[in-house]
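Next comes just one chain, in structure tokens: the form predicted alone.
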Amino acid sequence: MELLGLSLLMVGVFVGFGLLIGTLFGFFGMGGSFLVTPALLVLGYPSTVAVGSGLAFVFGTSVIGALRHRDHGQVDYKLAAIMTAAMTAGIELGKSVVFFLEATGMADLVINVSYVGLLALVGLFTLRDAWTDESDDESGASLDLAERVQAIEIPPMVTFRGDVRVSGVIVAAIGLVIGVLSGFLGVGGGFLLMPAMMYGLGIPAAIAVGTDILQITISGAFGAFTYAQSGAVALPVVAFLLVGSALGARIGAGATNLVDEDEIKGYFAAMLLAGSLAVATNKLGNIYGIAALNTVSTVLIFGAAFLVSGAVVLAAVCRLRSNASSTWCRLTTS
């Protein structure tokens, strides 16, 4: 029996996966396409469809989050406008590269390799950040970087919320680069844009998250539309992912009121590294015809989302019950 062209098993897989990613989105403020796109690649979807569907999913998941942060006054519309304009141009460039590579038959290889490198790089950076003792000069280092960027006075200079004054040219350049990656890899850019705003520009964390989600909503809509025009969006897949993510986003958003995000940075880094390893093992399995590697890649990509989402929910429940003596709670919140 099939539903919208998908078997009931795959419907359950996509709804469940959407639930997990929605939980992560609600908690971290990131669209989740950095898991959706490689997951579709692992499941055998063409690279253009995986990228386009990832962007469509980003748009769907980010709408609710953007409205919630707007209500809390955590959105800088000036910053969002500059980033959106720059990223829109970047997404168009990135999309052109994808279809050029598709015509040459190299798209799958290049996108897979790029995913492995990008996820590994960001994952290792986040892991180092998680392992750094809070008493170290970590925050001072990030502040120094932001101060150096703010000291570059290339007109026009723009003042953002939190009394942050930065060159509009630099902000646009950052948005353009992340936009190219978004259009090329099918990622919403959230797991790159948010750290760039906080560590590179010095934007306060709450405002960075809210502005990031608003920007993801706009750029995700544009990216999904451009890919949909080329027939590169698997609408049934996106629909079932969104069904699950609608509930998951509420769970994750509720957890933000109970759990300090810093406490599970290590889990987030592990998720990124697992995504990188999943794409790498899948590619090796296809090249050398080793079915076991394809199985490992599937377990990694879905297992990472399951474990990290579970960690978020468990940490929230432990805090809610104030049961510090529980072994599971200590493991999750330590």
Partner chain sequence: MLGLETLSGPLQAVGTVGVVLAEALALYVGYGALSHLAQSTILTTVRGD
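Only a predicted model underlies this, so the values are computations on that prediction, with no experimental measurement involved. Numbering follows the first chain given and starts at 1.
We do not show the form predicted in complex with its partner chain, though everything after this point is about it.
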Exercise. If we take heavy atoms and a 4.5 Å cut-off, which stretch out of 284-292, 52-60, 304-312, 266-274 is in contact with its partner chain in the model of the complex?
Worked result: 52-60
Exercise. Judged by heavy atoms and a 4.5 Å cut-off, are 71, 221 and 238 together in contact with its partner chain in the model of the complex?
Worked result: yes
For this session: Could you tell me which one of 206, 85, 101, 247 places a heavy atom within 4.5 Å of its partner chain in the model of the complex?
Result: 247
Exercise. Only one of 243, 110, 170, 198 has a non-hydrogen atom within 4.5 angstroms of its partner chain in the model of the complex; which is it?
Worked result: 243
Exercise. With the cut-off set at 4.5 Å between non-hydrogen atoms, does residue 67 touch its partner chain in the model of the complex?
Worked result: yes
Exercise. Could you tell me if residue 125 has a non-hydrogen atom within 4.5 Å of its partner chain in the model of the complex?
Worked result: no
For this session: Would you check, heavy atoms only and a 4.5 Å threshold, whether residue 159 touches its partner chain in the model of the complex?
Result: no
For this session: Give a yes or no for residue 320: in the model of the complex, does one of its heavy atoms lie within 4.5 Å of a heavy atom belonging to its partner chain?
Result: yes
